[in-house]
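Given as structure tokens, the chain that follows is alone and in the form predicted on its own.
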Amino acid sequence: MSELELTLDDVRRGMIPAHIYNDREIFELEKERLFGRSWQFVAHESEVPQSGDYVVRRVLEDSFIISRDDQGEVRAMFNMCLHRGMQVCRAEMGNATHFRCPYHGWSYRNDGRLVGLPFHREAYGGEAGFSRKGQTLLPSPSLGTYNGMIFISLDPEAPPLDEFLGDFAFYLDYYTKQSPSGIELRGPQRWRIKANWKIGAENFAGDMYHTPQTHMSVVEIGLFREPKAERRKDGSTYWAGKGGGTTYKLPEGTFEERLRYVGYPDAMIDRMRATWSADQCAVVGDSGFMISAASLFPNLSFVHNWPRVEDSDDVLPFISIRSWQPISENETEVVSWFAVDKEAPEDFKAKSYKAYLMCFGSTGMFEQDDVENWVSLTSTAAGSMARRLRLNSRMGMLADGSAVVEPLSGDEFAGPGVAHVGYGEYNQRHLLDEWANHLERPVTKSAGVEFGATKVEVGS
């Protein structure tokens, strides 16, 4: 077996070669075989609400303009001029009917169409020499939306987004559709950490085990209603489709009482009951679980928590969406948005945003605790000894591979997928299984596509 095959085999049995968290060759494979064909969240429709609105977002080294054109359609266009390759739009966000390349002045409509070339007749002989018709900024190979969330894939043959999400869409609704109006985003905040991107994605997917240790001080100061961090083991982890997450176990009560317990006002609770399916309501009201952190493969995570935000026993929930954008094998840019129901009261929105900043913004208390661990792990993984070490990620498994605790039945957990109560690394293993599946499949290259004077190589 090759070294890569041996590495992936170890990962699949829950014994992780430590060097995968700081390895240049592994990272190059990730760029080509994983990020070159997976779905990536780039924006939310609330960030481009009006015609002409745009944001500029990146997928690794590729810059994209996410624009709402004059017809109201959302576009994702590669941010590179067809002429000499200059970045067409250098502002991070704004509103424009046209984008004008600062190098030679070629201009494009906000739907990507080339409409202007300085000295067109003198330089090119006009339309007879170079026709502008049909020339557009290169669109993203695949574009999809779910609940207003905009995803792109660099693979033109990527499966439809709905198919990719699968049963995880059931849980995605808790974060992104608490009313028919959906959510609105604030941000994003951005900061870089000297840590490998996979660590954060794994942590948010299912690591309840670190809470009593890493976040003990945050719990002890009374930030949360729960007096013991060990209460995390009473919750469950679930995995469905391409994602999974963690839950808290709620006190006995009705659907309404349990949502009030985590701080939602009655008007929002009424809209949740009317918007969510019967099974989605049953996870909270009957099974008694409240969704917390989650990750969607490969690098999109969610947070839902309910700290105290003022000198009071009252708590208030917040939701955050974050992308772990790889910079290198040992550096990640965290791109973090605050999300809130569009129909929420303004006072709720303001306090919820405060709760987000206190816990998981760039200076949040949980953020600081986590990053210290992740930086240390990444740094240690760079050495020669790390290539000899297999990290044990078999929590929840017996020696023969059977489960320490059997999965919850449908009567115990109303959601789709597989759910377990207590500590386990089920979700981290699922996430790395998907990672291994991508890394073992080579990417074939197409012959390229002609766009006017430019030929662009596209991965298939």
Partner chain sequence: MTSAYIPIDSRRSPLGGHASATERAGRSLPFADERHLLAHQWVVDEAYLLDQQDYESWLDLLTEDIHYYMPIKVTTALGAGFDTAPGMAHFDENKYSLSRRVARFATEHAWTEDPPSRLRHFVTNIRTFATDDADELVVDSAVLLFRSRGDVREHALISAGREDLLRRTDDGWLLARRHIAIDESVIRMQNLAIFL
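Residue numbers count along the first chain shown, from 1. Since the model is a prediction, treat every value here as computed from it, not as a measurement.
Not pictured, yet referred to below: the form predicted together with its partner chain.
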Give a yes or no for residue 92: in the predicted bound form, does one of its heavy atoms lie within 4.5 Å of a heavy atom belonging to its partner chain? yes
Using a 4.5 Å heavy atom cut-off, state whether residue 310 contacts its partner chain in the predicted bound form. yes
Heavy atoms within 4.5 Å of its partner chain in the predicted bound form: does residue 369 have any? yes
State yes or no: in the predicted bound form, is some non-hydrogen atom of residue 214 no more than 4.5 angstroms from a non-hydrogen atom of its partner chain? yes
Stretch in contact in the predicted bound form with its partner chain, which is absent here, among 108 to 116, 370 to 378, 77 to 85, 196 to 204 (heavy atoms within 4.5 Å): 370 to 378
Can you pick out, from 166, 141, 188, 159, the residue that has a heavy atom within 4.5 Å of its partner chain in the predicted bound form? 188
To verify the annotation, which of these, 382, 282, 365, 315, has a non-hydrogen atom within 4.5 Å of its partner chain in the predicted bound form? 365
For 315 to 335: residues with a non-hydrogen atom within 4.5 angstroms of its partner chain in the predicted bound form? 333
